[in-house]
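One chain comes next, on its own, written as structure tokens: the form predicted on its own.
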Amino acid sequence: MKKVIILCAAFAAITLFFLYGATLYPHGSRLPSGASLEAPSALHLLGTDNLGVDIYAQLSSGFFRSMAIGLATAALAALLGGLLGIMAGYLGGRFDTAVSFLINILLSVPQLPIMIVVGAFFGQSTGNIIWIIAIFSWAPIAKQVRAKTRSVCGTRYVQLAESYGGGALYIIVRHMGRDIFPLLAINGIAVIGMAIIQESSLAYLGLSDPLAKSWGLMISKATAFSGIFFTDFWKWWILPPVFSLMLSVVCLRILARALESYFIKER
């Protein structure tokens, strides 16, 4: 549990760092506040881009956009995957067969190419990005929840509760919840990190909202700047969003693994 607390504190520190840039920092993330491609200084902590917009302010806005998309995607994926996984594992029969077939299809297809096609067809709004990513994120959750539900259904206390007339909702919440809900929470945290990467990938390819501040869009604009790698501009224009993306995703992944180890130890 100590490791989980340390990781939560580290992620809270990251959040506070970007919260300052999104609220109290004197420069905005949309309007120019300095000269073009200024190096990091006391006035602009991470420098400016080619339009004179502060990099730190853009990073801060991108963090909260990425987290909002990640949380919304994780909530949808956990809800859909958890519901279908529990129903498939508990009910069995044809419903289980149909859900398992759908899960196997989604797990076997390459996600990014299909997401690119779907994103290009349905538009670049943030809402479209969330549900597109959620569609491809619920299947792994449903597969694990289904397996756990089938395992718990075979235990004596569940069979005894059924023999005494316990309803499906009562059994799932009362007797299966302690095994299933932590699994949903762990997978939800993992989905947040995956959603951040996928949103950044779509933004880098120009399939996200072009008016929103995104780490992927920042990287795309920086790498498209002519001759950037022959100058020092890449050090404060490309490295910060790449490092922020890696740090956030790795922190979330390690937190998910730590929670998984904690709950396994508790069992």
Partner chain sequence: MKKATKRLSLLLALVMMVTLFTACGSHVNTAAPSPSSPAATAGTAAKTVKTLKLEGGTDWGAPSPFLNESRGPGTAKMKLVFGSLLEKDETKDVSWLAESWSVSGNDYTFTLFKNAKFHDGKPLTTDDVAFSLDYYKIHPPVSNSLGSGNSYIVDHYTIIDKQKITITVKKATADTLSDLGSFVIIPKHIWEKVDDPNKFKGEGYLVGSGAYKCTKYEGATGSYEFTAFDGWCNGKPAAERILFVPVSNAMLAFTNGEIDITTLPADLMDKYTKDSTIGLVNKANDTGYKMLINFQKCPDFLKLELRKAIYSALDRQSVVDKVFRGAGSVGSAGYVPEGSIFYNKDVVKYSYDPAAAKAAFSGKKYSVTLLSADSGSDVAIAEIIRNNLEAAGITVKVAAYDSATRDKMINSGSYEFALVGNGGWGNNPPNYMRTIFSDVSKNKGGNPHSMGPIGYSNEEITRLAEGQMSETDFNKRIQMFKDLQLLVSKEIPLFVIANQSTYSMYRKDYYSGWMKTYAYQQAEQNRLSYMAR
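Small disclaimer: the values here were computed from a predicted structure and weren't measured. Numbering follows the first chain given and starts at 1.
Omitted here: the form predicted together with the partner chain. The next part is about that form.
No residue of the trio Val4, Ser151 and Gly177 has any heavy atom within 4.5 Å of the partner chain in the predicted bound form. Stretch-level contact check against the partner chain in the predicted bound form with heavy atoms at 4.5 Å: of 39 to 47, 59 to 67, 222 to 230, 194 to 202, the positive one is 222 to 230. Only one of Gln144, Gln124, Ser100, Gln111 lies close to the partner chain in the predicted bound form, with a heavy atom inside 4.5 Å, and it is Gln124.
For Pro32, a non-hydrogen atom is located within 4.5 Å of the partner chain in the predicted bound form, even though that partner is not displayed.
Interface residue remark: Gly28 is not counted as part of the site for the partner chain in the predicted bound form, having no heavy atom within 4.5 Å. Interface residue remark: Leu239 is not counted as part of the site for the partner chain in the predicted bound form, having no heavy atom within 4.5 Å. Although the partner chain is not shown here, in the predicted bound form the stretch 235 to 257 places no heavy atom of any residue within 4.5 Å of it.
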